[in-house]
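Here you get one chain, nothing else, as structure tokens; it is the form predicted on its own.
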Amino acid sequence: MDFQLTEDQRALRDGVRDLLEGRFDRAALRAAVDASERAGTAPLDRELWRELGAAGFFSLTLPEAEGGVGLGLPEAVLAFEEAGRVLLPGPLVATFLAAGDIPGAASGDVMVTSADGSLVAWLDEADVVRGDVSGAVPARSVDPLTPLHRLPAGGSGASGGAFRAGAGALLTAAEQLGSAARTTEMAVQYARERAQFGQLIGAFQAVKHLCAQMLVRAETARAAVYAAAVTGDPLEVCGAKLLADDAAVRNARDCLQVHGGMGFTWEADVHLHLKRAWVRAGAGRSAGDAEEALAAAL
């Protein structure tokens, strides 16, 4: 079996990366963070949202007869991995999953959110909310670009069937994978540029080990996420989400370690990856629930 990306899949990945680098580069990311700090709430670029819709981002898996691109979950995973690399904000997964049901979602004209466990992201900004979010109250989010609301204790606004839940978890894992890969690149780049004690810090064994461990985590998560996208097996999706969450969080922490004191500053982007990874890891099914599901299947 050949698990290498096809030429079309590589072209799709490169096309999404070019689009996001052109419309949501580091300058745009920092501008969004600064705007969030000034306004007290995260802004959302509706024009970019519509551009994503026009590019087919939200309709990748819709049949061509319904105006979609007609691709599969593996291709959607590639697109969401690229979104995770640049920390693209917004309820991407919820809008993607609603593309076949809610008019305007596929084109990016309508932003959709849904309750994810006890939390709802982008509730105030969304045009359509799926699930029961009665009594939701604003909650402080560690991520400046992910506004959250919390549902009342004991409440659950979760909506959708097993496929929607499984696909949502997998696409979130793909975003985590993109972030894990990006922080690995950031750490390696900084280790090649930063000099200390008369030589580049990348020459130090401790730094080499950190970067190597980051790469191993990212590639292990990549194998799990890609495999789950091919099989669609719920248990493999659980495993992929666990590995991707671990890679995103731990790689961001190790990237911060490689950066040293600079990594703790507001100007560095490392903390943004760590905060987004924390938020994504807490979304939907918890790590404990996923571990229990995997253990029960043994």
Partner chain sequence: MDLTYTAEEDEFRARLSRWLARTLPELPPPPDPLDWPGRRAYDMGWQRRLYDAGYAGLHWPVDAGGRGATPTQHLIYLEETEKAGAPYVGANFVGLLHAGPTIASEGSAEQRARWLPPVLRGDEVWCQGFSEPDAGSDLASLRTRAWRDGDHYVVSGSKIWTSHAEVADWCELLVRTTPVSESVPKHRGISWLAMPMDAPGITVRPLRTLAGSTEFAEMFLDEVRVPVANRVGDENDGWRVTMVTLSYERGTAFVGEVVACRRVLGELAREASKNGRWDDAVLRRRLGRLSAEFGALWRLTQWNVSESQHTGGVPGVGGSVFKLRYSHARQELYDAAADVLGPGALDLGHPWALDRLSSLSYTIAAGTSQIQQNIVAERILGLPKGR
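All values derive from a computational prediction rather than experimental measurement. Numbering follows the first chain given and starts at 1.
There is also a form predicted together with its partner chain; it is not shown, and the following applies to it.
- Although the partner is absent here, Asp45 sits far enough away that none of its heavy atoms falls within 4.5 Å of its partner chain in the model of the complex.
- Contact annotation for Arg192: at least one heavy atom lies within 4.5 Å of its partner chain in the model of the complex.
- Its partner chain is not drawn, but in the model of the complex it has no heavy atom within 4.5 Å of Gly22.
- For the chain shown alone, Lys208 is a contact residue for its partner chain in the model of the complex, at least one non-hydrogen atom being within 4.5 angstroms.
- Screening Ala35, Ala54, Met262, Val230 for any heavy atom within 4.5 Å of its partner chain in the model of the complex leaves a single hit, Val230.
- Contact with its partner chain in the model of the complex, judged by any heavy atom within 4.5 Å, is made by just one of Leu272, Leu62, Leu242, Val249: Leu242.
- Looking at its partner chain in the model of the complex, residues Ala39, Asp109 and Asp124 place no heavy atom within 4.5 Å of it.
- Partner proximity in the model of the complex, defined as non-hydrogen atoms within 4.5 angstroms of its partner chain, places exactly one of 192-200, 85-93, 101-109, 131-139 at the interface: 192-200.
- Scanning 206-231 for heavy atoms within 4.5 Å of its partner chain in the model of the complex gives Lys208, His209, Cys211, Ala212, Gln213, Leu215, Val216, Arg217, Glu219, Thr220, Ala223, Ala224, Tyr226, Ala227, Val230, Thr231 in sequence order.
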